[in-house]
Structure formats: C-alpha cells, structure tokens
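Two forms of the same protein chain are encoded below as structure tokens; each is given separately, as structure 1 and structure 2.
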Structure 1
C-alpha cells in the first residue's frame, strides 16, 4: 500500500496557521534587526550627518580610515585595556570557579549570587562608588595603599587624571564587574566534566596538579576560549564603563573603539564614516573569531586522538 506525498505548496498552505504564529518574530526582526543592518552597510559608502541629503562617497570612507590617527589611537587603547584586565579576570574567574566546584564548600548558592551581583548592578551606582574609590585626594584606594605600605612613602595616585593610570582604573573596574560572569560560565564547564575521569586518575596515583593539567584544562579549553572571546569583544565595544569613569580622557588616553565610535557618530554626526569603521572592525573580528574557532577545533581533535 502506497501513500501519496502532498505537494510542498499544498503542505505550506495547509499549515499556514503555524506560519502566522511565528510571523511576528520575523516581522520584528526584519524591521528592527535586518533593515538597520543593511542600511548601516549602505551608509558606509556615503557621507551623511543624519539631517541633510545623503551623498555617495564610494570607497573614500575606507581610504580615510588608513589616515585616521584617532582611530588607531582608540584601537591601541583597546588593546592595552584588554591586556590589563582580560588575563587577571580569566585567572580569578578560574580560581573562583574551582573553589565553588569543590565538594567541601558550603553555602555555594550564596557565593555564586555574591560574585554575580556586580554584573547586574546599574552602571550609575558602580560609577559613583568607583569614583569615590579612585579619587586622588580622598579615595579609599590611595588611603589603603599609603597605610598598608607606609615604608614606600607613596604619593596619591591620580587614577582618573593621569593618562597612564586611567587605563588601569578602568581595568580594575571591569575585573570587579565581569569576573563573576566568567566564573559562572567556567563553573558550568567544570560541572560538565565527568567525575569518572578524576576517579580513574586518582586510582592511577595522579596528583591534584596533574589532574588539573591533564584533565581539567584540556576539557575546559572550549569554555576558556569562549570566555576569552567574549572578553575581547567586550573590550572592543566597551562603552558605559569608560563613559561614566573618564569619558575617554584625559585627552584620548582611555578612548577605546566603542567610545570613539560613539564620538564620531553622535558628537560629530559622521554617520557614514562611523558605519564604515564599524563594519570594517566587525569584519576583522569575524575573521579572527573564525580563525580562533578553527585553531580550537584542531586542538580538541588533536587531544582526542
């Protein structure tokens, strides 16, 4: 006995009510997601201030990027701030995740909530508190450093007024705010490692350090790579932390890429050039991400062999 397969067009029409249920999502995505994406791509080839007529500029926006010293300064500041906070944040998140994954630790839910609270705290509150901490005259941090290390005869550090120290102040704030978020991701990765591996390693006489090197770190590598990638993207497009702490200053010493993009978009109203810069850097990030994923996949495959 054979059954007749309905034609695709008839099948679509027969199930049209299902498509009506999911249509609002695609409609909203098309209006608020896809259209702005395509329109900003078009803007990268024009000159437009948002009010006057649009003028076609071709590739001139892309040529201008090569001679834009402020753009290269912002990218170099982004790299410096990232180097200052990503490694210590990853190490702290890994250490805290290991502690919270320990079977002997009590009140784990309380500690997890405490570590995650900075991620959901409003930035206005964080800015107010950290401006008190980093104040050069009455700041808590300078007071603590001078009294903890009196033999060094430290002078008050201008955390927010110095071109060098402003990056360090931002890095400290970001470490405090986002370590808990990365810790939760790493904790989930640790809890996904089968306990049989550790039991077998203990039977073979492996020490805790050997288990860490040969079991935990290799199996946690995808999670670590994911956290590192999120942190690098966060560094590139970080805005609110820098805006409320230093507003990109003093001078342009703490202006990162996200801050520079905001300035050329909404201070200078060079929307065409801003779209060009955003798309160019986004393309570089996509290529770098694909390269990292490919390298990570090769490492995992090599580890499984």
Structure 2
C-alpha cells in the first residue's frame, strides 16, 4: 500500500515532458474545442437569440426538428450533392493517381500541379469564376457543350437558375476542387504498396486488371476509407462553395446541411435550435463513422487472411 500510492505521481513527474509538450495544445483546445462543445450541448436545450435572456426549452428543440421541412430538404440536398460528386471524384482521383504512379511517365510534376492547383485556390474567388463559366447565356461551358456536340442541339443549360441543375453545378465545382487532394492521398497510399507484390503477381501471369483488383484495391482500402470519410464530412459541412456560388438557391435547392446551419444561426439567430440540429447530426455522423470503421477493419482483416 505504502509503496503503491506515490507511484502514479512519481511516474507523472518522470514523464512531465510528455505532459508539458502536449499542454499547449490541450489548453487551447480546452478553450476553443472542449468548452464550445459542452456549451453547445447546453444550448441545444434552450431557446436563445444570442442577446436576450436564455429560456430553458427542454426537449422542444429536438421535437421541432422532426417537423422542420427545411432541415429535411437540406439533408436530402446534401445526400444528392454527395451522390453526384463523390463517385466521379473518387474514380478520377484513383485513375489519376494510378496513371501518375507509372515509372515511365514524364512531366509528372506538371500533371500533379494541374490537378492539385484547384484545391489551393480560395473558394471566395473561384466560385465567382464558376459563376462566369456556368452562366446560361454567356457562359463558356454551355458554349463549349453546344459546339463540341452540335448534333445534340442542346439548349443553354440553366446551371445556376434551375433547382435541379444547381446541385449538378455545385457537384462539378467540388469535383474540380477536391479531386487533386484525394489524388495526392491515394498516390501516397499507392507508394506504400511494396513493388514485390506486383512482380510476384506478374510472374504468376496476373493481368494488370487482376493486379488492380487483388493487390491495389485491397491494400489501398484504408486510404480509400479515409478519403471517403473526408468526403462525407466535406459534403455535410460544405459551406464556402455554396455560400458564394448560389447562396443555397435558387429557392433552397442547393442548401446543404452546412449552409442551413449557418442560416439558422447567423441569419435567424436561433442559436439554441441551431446547436441542437448541429449536435444531432454530428452524433449520427460519429456513430456512422465508428460503424464504418468497425466494418472496414473486419474487411481489411478478412482481406489479409
């Protein structure tokens, strides 16, 4: 007993450098991460406009969510936008990464730069460029489509003026912006796969496609899962792109969850309700991620066996 009690504090002292080194992070994190997290949890149970008195609201915020048509529109828009852009983005990123990984390819850094520069550019700027490109009467995209495919007799597409096309326009913008980022992550993943595997497969007479299915894809799975998770979160909380290009419109056709959250908190000042919505959805995301992780781990283990 007497020898055991001083032990923890002694070892804490022995490892004081560890705690000292992580302390600055945790101090700032406590103020700007942890406290806000707890406070917004509290806010989900109140009614508050940020200025006047806080009113306890119990669970009424949560009940409100069920009847909030705008929220459901925003969530379904989020899903549609995600479905429109995630598959093409992942496929393009994978193909680019695969091609740029070829040892015989020249001008690699030029191609890499071309694909990566979009995600360096500020959205506040680029969204306006895309407004120009997407303009239905004067836009270069419609012009190009009409002249590249004259046999289709296309009428100008109202990219930003129609409820359906606005989602497609956002999806195109996002594919353009984030493909390069995913490509670099996948390149990193590809370079982590030992070349011996391919040599062995080649000796056994495996075709390129077989190599891709049986070596590349299984071993790239953690990277792909990581990219998928980033895209999921990115779709849900996407803001700048939509804010500047369509401001959620026309109507609320391109309002995703992040945009809606911003509107109810900083346009309507329904801070309690906004916290409640943010918390609920974040909770679902965390649970979904944990589930995905668990399933993925099983897959990876099964794949290795």
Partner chain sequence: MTPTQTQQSATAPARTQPKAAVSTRKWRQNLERGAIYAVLTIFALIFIFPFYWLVISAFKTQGQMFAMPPQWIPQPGTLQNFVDLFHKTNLPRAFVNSVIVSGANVFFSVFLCSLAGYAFAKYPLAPGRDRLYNFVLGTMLIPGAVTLIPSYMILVRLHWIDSYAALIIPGIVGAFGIFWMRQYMIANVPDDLINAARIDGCSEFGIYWRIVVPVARPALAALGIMQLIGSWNNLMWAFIVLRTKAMYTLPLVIYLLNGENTQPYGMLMAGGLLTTLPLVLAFLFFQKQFIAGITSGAVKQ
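What we label the rigid core is the largest C-alpha set whose atoms superpose within 1.5 Å from one form to the other. Residue numbers count along the first chain shown, from 1. Since the model is a prediction, treat every value here as computed from it, not as a measurement.
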**OP:** Just flag whichever of structures 1 and 2 is the form predicted together with its partner chain.
**Re:** 2
Original post:
Does the C-alpha of residue 110 move 2 Å or more between structures 1 and 2 once the rigid core is lined up?
Top reply: yes
